[in-house]
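Quick heads-up: the structure tokens below are two forms of one chain, split into structure 1 and structure 2.
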Structure 1
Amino acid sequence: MGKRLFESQCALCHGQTGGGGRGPNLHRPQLNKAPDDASLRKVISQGIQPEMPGAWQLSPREVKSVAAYVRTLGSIPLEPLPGNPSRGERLFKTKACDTCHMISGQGSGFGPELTGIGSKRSAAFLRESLVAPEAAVPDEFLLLDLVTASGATIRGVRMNEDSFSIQIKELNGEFHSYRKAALKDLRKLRGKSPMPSYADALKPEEMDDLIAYLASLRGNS
């Protein structure tokens, strides 16, 4: 139902398959103005003025169906991969990947959350992230080096920031808030990642297994 409604109501602007036209391309895992299902349904029903009219003619059930279809447009299809996901899951734990990444609420959450990574990123992207982590650092992930008034050097990830203060999560998992005026130095390490390269740390078959496991993570639903 969602596909049929999209083709009749939305394709004029977004293209018959959602690839874009007057409206934006929807073949993306994350939509800037609709990051979750609730906001996507709101955008569809109410629109975004003045560019996008609201779909007042659709019932709540129809809006939900269109939203569900739009979500499939940004999902990476399953790929046939050489690795073994079960062995990859064991590697994920033995290599202590869960000290930086969360999956379904388990882990520290220091690095990007991975619960649905397989539906958002291709196997090629996952391999690059393991071999060369700084090749594709998420835009919202910002590593910081700061020097406190006492001279202590702290490294962590920015969690929040305003004109006067900055909140970080340190590499040991602790949260701290600092007044910028009290800092001796604050360096924003854009494009840098604390994650090491696994190019030499994993055998080729282990790399395949870990990628197969990450690709199998399609979310909780």
Structure 2
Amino acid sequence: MGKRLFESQCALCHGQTGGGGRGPNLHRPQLNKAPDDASLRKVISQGIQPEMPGAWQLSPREVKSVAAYVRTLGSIPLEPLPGNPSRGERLFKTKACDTCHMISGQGSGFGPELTGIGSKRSAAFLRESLVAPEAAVPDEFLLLDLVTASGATIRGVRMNEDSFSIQIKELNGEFHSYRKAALKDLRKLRGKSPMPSYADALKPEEMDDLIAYLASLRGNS
């Protein structure tokens, strides 16, 4: 029953056999956020804000059986990644990833913090983030192009929006707030990411090294 429930409720994000997707690979005997059975049941029923929804629809018995199944996934050995994490760490700086991402308090905070990214995402998802960042842009990083009343063109990420006003953060970190009625143009670039694709900017070995580094980042965040 746990397996069946996992395949219908969890596989979308964790993969059909728990190998991960947008959510982390569960082929680990130790889970950061679910160190014991009670916390695992809690994670399953209440979720992890904001990205993992709670499985409110499951009865306590069902939650228990999914949890038991997740524990069996933990005995599947993790596939080793091909890259070298220390080379990846150096690339993170030389390729200027740290101009947009913070790791353990270092870097700049334009993009999402990556301190615990290795326990949030699978390696396959990390690869996709580098090759095709536009494939999964979270709503809080919606890219905007707008033209102000004085004719200046501004590109940035939407921070806030209501019926009358919109707040935007430019790539250089500056914040602006505009009355929508005063703007000459406002475009929401859905399907585009503020992050460039690195499909051509990284050699295959460099890509592997960066992914190995990111996957190793399992700190709290």
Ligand code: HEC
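For clarity, a rigid core is taken as the largest C-alpha set superposing within 1.5 Å between two forms. Here, a residue number simply tells you its place in the sequence of structure 1, counted from 1. It should be emphasised that the depicted structure is a prediction, and the values quoted were computed from it without experimental measurement.
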Either 1 or 2, the form predicted on its own: 1
Rigid-body rotation angle between the two structures, smaller part relative to larger (whole degrees): 93
Shift in Å of the residue 22 Cα between the two structures [rigid core superposition]: 23.0
